[in-house]
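In the block that follows, a single chain appears as structure tokens, in the form predicted alone.
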């Protein structure tokens, strides 16, 4: 195999593809990226057996077609360290990959392309197209609430729900819930629900931007495939039943208040400095026209802040993990935030005043 390519043309797909490759691998070939040169196209593939990403680059010409796998991280580090606008010549011979750029020469070990695993994705049953910006917004609005390493494995991912003219993403770790819905120009005979694993969510969103350019989704029984321009992303799905999130959304809260989002976020962040480092609890005291935020810790240190709110009604004291509230205020992209409460033992509902496309539920804490 032999081809030439500019550093910039190689670096973007290589960086995204290498992101899928795990540093610690059981199979040596999984630390590698598969490079295939054919006709006038170069394709790069990385996988960890759960998620696979293929990036493609057009080449002016391929001197000698072929395929090989080379260490992903080393190849990426070499490309990053080369000067801008470098022209890279890539040759594979006698089980070695040789990179030449200007006066630099690197020799990398290779493994046969035949050893590289392929995710068997089965048949794709349904194909639909969304604007990239829509899918990115849905993921960005909810992904922070995914669980990380919960024994309830179906929480370590995101529920993507699709029905006629609607796409919804849902994430929860059992303490908080994030739901975001957007209307979309899709027609489906049956609603689809699938749970994309955490790593798949984080890798997919790296391929998306805020544009109206299309992303094509192919839904299979045990995999999701997404195509955006030069990239094809495939992820296995989590086989499990996602909790009935609609039951968790609190109904009938009678205490509604609105506050400036950025001011409330700053107040909570400052108060959090003196909260208990383990439990991160703060107390909210709801009064007419004012919200008092209190925190203390085992060292007898205390913080108190007051923030003006639009509220007239009965008083209430309720405790929360301050990190959960700040996370919601970080992703809500609005001037004002509305919070609905009922009593000290019921979850809070946070959303844009009057609704909006996202809603967030945070469970209270006993303090």
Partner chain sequence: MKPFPWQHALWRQIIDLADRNRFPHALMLSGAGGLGKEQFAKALTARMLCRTPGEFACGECRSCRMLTAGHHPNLLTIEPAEKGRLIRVDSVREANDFVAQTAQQGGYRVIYLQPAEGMTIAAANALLKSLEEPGSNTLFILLADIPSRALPTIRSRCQRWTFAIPDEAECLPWLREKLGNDEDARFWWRVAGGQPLLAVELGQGESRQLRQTLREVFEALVRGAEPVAEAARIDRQALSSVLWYGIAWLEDLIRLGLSGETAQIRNSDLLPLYRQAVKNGRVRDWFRLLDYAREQRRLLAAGSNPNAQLVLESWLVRWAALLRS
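Positions refer to the first chain, counted from 1. Given the structure is predicted, the values throughout are model-derived calculations rather than measurements. In this text, the rigid core denotes the largest set of C-alpha atoms whose superposition between the two forms falls within 1.5 Å.
Form predicted in complex with the partner chain: not shown, discussed below.
Peer 1: Using a 4.5 Å heavy atom cut-off, indicate which stretch of 291-299, 74-82, 236-244, 127-135 touches the partner chain in the model of the complex.
Peer 2: That would be stretch 236-244.
Peer 1: Please tell me whether any heavy atom belonging to residue 212 falls inside 4.5 Å of a heavy atom of the partner chain, as the geometry stands in the model of the complex.
Peer 2: Looking in the model of the complex, residue contacts with the partner chain do not include residue 212, since no heavy atom lies within 4.5 Å.
Peer 1: Given that the partner is absent here, does residue 334 sit within 4.5 Å of the partner chain in the model of the complex, heavy atoms only?
Peer 2: No.
Peer 1: Answer for residue 153 alone: is it within 4.5 Å of the partner chain in the model of the complex, judged on heavy atom distances?
Peer 2: Flag for residue 153 set to yes.
Peer 1: Heavy atoms within 4.5 Å of the partner chain in the model of the complex: does residue 281 have any?
Peer 2: Residue-level check for residue 281: no, no contact with the partner chain.
Peer 1: 326, 29, 67, 307: which sits within 4.5 Å of the partner chain in the model of the complex by any heavy atom?
Peer 2: Among 326, 29, 67, 307, a heavy atom within 4.5 Å of the partner chain in the model of the complex occurs only for 29.
Peer 1: So which of 285, 266, 221, 164 reaches within 4.5 angstroms of the partner chain in the model of the complex, heavy atom to heavy atom?
Peer 2: Checked against the cut-off, the match is 221.
Peer 1: So that I can tell if residue 303 moves, could you say whether its C-alpha shifts by at least 2 Å between this form and the one not shown after the core superposition?
Peer 2: No, residue 303 moves less than 2 Å.
Peer 1: Could you check, with the core superposed, whether the Cα atom of residue 327 shifts 2 Å or more between this form and the one not shown?
Peer 2: Residue 327 C-alpha, core-superposed: shift of less than 2 Å.
Peer 1: After the core is matched up, is the C-alpha of residue 340 off by 2 Å or more between this form and the one not shown?
Peer 2: No.
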